[in-house]
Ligand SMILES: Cc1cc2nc3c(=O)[nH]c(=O)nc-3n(C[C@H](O)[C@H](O)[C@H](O)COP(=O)(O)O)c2cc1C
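Here's a solo chain for you in structure tokens, the form predicted on its own.
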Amino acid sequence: MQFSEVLRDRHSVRDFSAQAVSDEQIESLLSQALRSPSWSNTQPYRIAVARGAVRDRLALAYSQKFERATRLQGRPRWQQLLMGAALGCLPDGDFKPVLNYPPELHERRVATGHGLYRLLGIERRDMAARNQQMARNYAFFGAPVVMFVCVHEGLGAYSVLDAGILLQSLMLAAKDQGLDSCAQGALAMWRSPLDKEFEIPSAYKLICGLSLGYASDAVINQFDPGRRPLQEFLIPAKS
């Protein structure tokens, strides 16, 4: 594909087919992504790749944690803490993916969520349907491969910056080979399932996941949240 086509056609896929991704494809994608620039060439990231039985065990573990967490919705904070501890579903990730968004950013986040649910016919007050859709995150949207990106704590924000560049390279390389992907901050909610499957060095912190495979023909894959106008994106010069 032409580079402009890859940039245009890459989008977040939220429903994958059962078509397998070969080990050779995964190795090729990761090798290409490792050409990404990084801070003083430190390459401050590591990736755990889950497929087959490991992928299935992780999907079950994450899905169970999310299902238990939904039982806490609407309860007082003290009950959430007590019940969450008893159910083993309190967040134990290295970063906090649930944030208080600044108003400017919250507006775009809400518009994206509303657009997605509108496409799926999910009403705003239908919490059961919303939870069901959110739960798809923890089954990796049916993708046969899921990658977990960890960053070295020693470089702080610059590790995260470099991991973002790596992710973009990886997603574009995937698109160029006819594969699709979805970067998932939700998978950073819990780290304990990952630690049971991989020996992650203590200095590396889980920042997000990436589901990888071939898009299905589900309607959700038609969703396009759009981008803001270029003039709104640019910072104006002082007059």
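Residue indices: 1-based, along the sequence shown. No experiment lies behind these values; they were computed from the predicted model shown.
Another form exists, predicted in complex with the ligand; not displayed. Remarks below refer to it.
Trainee: Here the chain is shown alone; which of 69, 182, 50, 194 has a heavy atom within 4.5 Å of the ligand in the predicted bound form?
Mentor: Only one listed residue qualifies here, and that residue is 182.
Trainee: Using heavy atoms only and a 4.5 Å cut-off, determine which of 34, 60, 186, 203 is in contact with the ligand in the predicted bound form.
Mentor: That would be 186.
Trainee: In the predicted bound form, do 46, 140 and 159 all reach within 4.5 Å of the ligand through at least one heavy atom apiece?
Mentor: None of them does, since no heavy atom lies within 4.5 Å of the partner.
Trainee: Using the partner position in the predicted bound form, report whether residue 112 sits within 4.5 Å of the ligand, counting heavy atoms only.
Mentor: The answer is yes: residue 112 has a heavy atom within 4.5 Å of the ligand.
Trainee: Would residue 25 show up as a contact with the ligand in the predicted bound form if we use heavy atoms at 4.5 Å?
Mentor: Result no; residue 25 lies far from the ligand in the predicted bound form.
Trainee: Since only the chain is shown here, I'm wondering whether residue 172 would be in contact with the ligand in the predicted bound form (any heavy atom pair within 4.5 Å).
Mentor: No.
Trainee: Is residue 12 close enough to the ligand in the predicted bound form to count, meaning some heavy atom within 4.5 Å?
Mentor: Contact with the ligand, yes.
Trainee: Even though the chain is shown alone, can you say which residues of 220-239 have a heavy atom within 4.5 Å of the ligand in the predicted bound form?
Mentor: Result: 225, 227.
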